[in-house]
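Below sits a lone chain in structure tokens, taken as the form predicted on its own.
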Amino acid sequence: MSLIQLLELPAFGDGRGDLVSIEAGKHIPFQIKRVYCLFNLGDHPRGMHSHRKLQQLAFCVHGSCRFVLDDGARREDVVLSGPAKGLLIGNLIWREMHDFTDDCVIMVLASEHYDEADYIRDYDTFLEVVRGKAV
């Protein structure tokens, strides 16, 4: 099974423009407790962490970028571009973001409120957790 779970988000359009609608419990498998955007990203990688409980749906509102997902055994890459394709990221998945276009804007819908204790920011600790050797 692939680490990459891309969701086709419902897009509607007519002569006036396009609209993407996302509903918690209908299009994504969790209730949304936090929303944030990343922009003006430059050349520096982002992410470089995992979450113990948090799930996310990430999509590019504008521009594109490359996500790297890692479950401790496999690493997979996917390029996101456009708001109608969302990347579902489960808990205990290491995530990195790279190769941002100058106009990249990433929106993230999160299943939990911000909690620093939920983050795993060290890759070796992440490997210990997913392999059952740490809590």
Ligand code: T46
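In this text, all values refer to a predicted model and were calculated from it rather than measured experimentally. Just count from 1 along the sequence shown to find any residue number.
As for the form predicted together with the named molecule, it is not shown, yet the points below apply to it.
Practice prompt. Using heavy atoms only and a 4.5 Å cut-off, decide whether all three of Y36, G47 and R95 touch the named molecule in the predicted complex.
Written response: Per the other structure, all of Y36, G47 and R95 touch the named molecule.
Discussion item. Given that the named molecule is not shown alongside this chain, does F12 nevertheless sit within 4.5 Å of it in the predicted complex, heavy atom to heavy atom?
Written reply: No.
Worksheet entry | Close approach of L54 to the named molecule in the predicted complex, 4.5 Å, heavy atom | So L54 counts as contacting the named molecule.
Worksheet item: Going by a heavy atom distance of 4.5 Å, is Y123 a contact of the named molecule in the predicted complex?
Response: Flag for Y123 set to no.
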